[in-house]
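Just the one chain here, the form predicted on its own, laid out as structure tokens.
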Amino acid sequence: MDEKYESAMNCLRKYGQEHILNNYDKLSDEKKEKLLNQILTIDLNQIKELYESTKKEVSFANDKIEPIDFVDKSALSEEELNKYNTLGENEIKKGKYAVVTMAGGQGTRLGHNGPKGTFKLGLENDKSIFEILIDNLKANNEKYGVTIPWYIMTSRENNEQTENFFKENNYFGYDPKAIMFFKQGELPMCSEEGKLLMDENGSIKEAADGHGGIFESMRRNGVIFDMQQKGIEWAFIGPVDNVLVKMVDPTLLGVAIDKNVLAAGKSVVKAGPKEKVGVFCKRNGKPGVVEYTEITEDLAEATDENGNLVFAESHINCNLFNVKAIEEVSLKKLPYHSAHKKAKYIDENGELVVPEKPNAYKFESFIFDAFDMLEDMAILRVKREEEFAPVKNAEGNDSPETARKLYKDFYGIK
């Protein structure tokens, strides 16, 4: 056996993961090389620690959770709104603004075979989600006399399909030089016993590392450098699946500039104490988001003297960051959260196993975990029916049907 194989086996032995090379001899030379490289570059100690963390209860008993200040857009006077808009518009007109869209997901839950951004919403004009977003960007380019750079985060799984979709449609009339694709990071998945899993291609099975991985991906893929070269100071970061997203909002930008903070986020009022959304808060004096799985019943149901929920600012993943903050966060490690998932894999006999219930852990970080790395941030409360129409489920809440209705109502389409 060659040196590379021995080095890989030694790494695996140290962490009790030798089974990874069980079917090595059955692989082609190309797949052997890929697997050895993978073993030698994966941080096996990190995976061991992440697996061990799945056994610990997450507790926030010692954290001081307080409500966070916010600006309610609908309550602003005309004078205040003009002040914020002017501040924001000036930056956009100077070419200091960019948009980043997180589009690494597939449309599987929607019954769509392809990247989620290529899913057609069912409007009469037959537009895909990507085209809806492009129309929004093009309107802003015209309004502000600029071409806003657009960075699209794909995944290993959908990058090629996404790029081809844009090429085949001539970028929907957007300047191809203003669009940059980059891939999301990945982390190995492991079994309930902490063993790494093998995929059908003879590699260690990996899954996307969550939307919090975007900062590191932006650094690794040269996006931050590209922004700095272009003189961009602010970037909006949001997901592909909200068809009412305001990717270019001078009000949000103006509020951040006025408050002299390096980040801002949008919130909508929580529908009720039991709604499954994360809410903005101050945690130990720093801005943050407390997930619906983490918040205590007392905090979730707490009301003020007017009967309004104290923790009512839902995080809708509409995030604005100064490029300095993006660079700073990209050099730090965000905490990882584990998710118990169904994952098919190749067992030690080389057989494909397709589980019927969750059998593996994937590890992901969340974008809002970056907030507490900042001293403060601004929150702009907006109206759900004007800015939040997510497409996540095939039917029911947050489905194409609900998003289509919200979209049509907002734009006055019959």
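Keep in mind that this is a model prediction, so the values were computed, not measured. Quick note: we count residues from 1 along the sequence shown, nothing fancier.
Below, we turn to the form predicted together with a small molecule, even though it does not appear here.
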Considering 314, 128, 251, 184, which brings a non-hydrogen atom within 4.5 Å of the small molecule in the model of the complex? 184
Among the candidate residues 256, 240, 121, 196, which is the single one with a non-hydrogen atom no more than 4.5 Å from the small molecule in the model of the complex? 240
With heavy atoms only and a cut-off of 4.5 Å, decide whether residue 322 touches the small molecule in the model of the complex. no
Determine whether any heavy atom of residue 108 comes within 4.5 Å of a heavy atom of the small molecule in the model of the complex, and answer yes or no. yes
Since only the chain is shown here, I'm wondering whether residue 235 would be in contact with the small molecule in the model of the complex (any heavy atom pair within 4.5 Å). no
So in the model of the complex, does residue 265 come within 4.5 Å of the small molecule, heavy atom to heavy atom? no
Choose from 240-248, 305-313, 287-295, 75-83 the stretch whose residues reach within 4.5 Å of the small molecule in the model of the complex, heavy atoms counted. 240-248
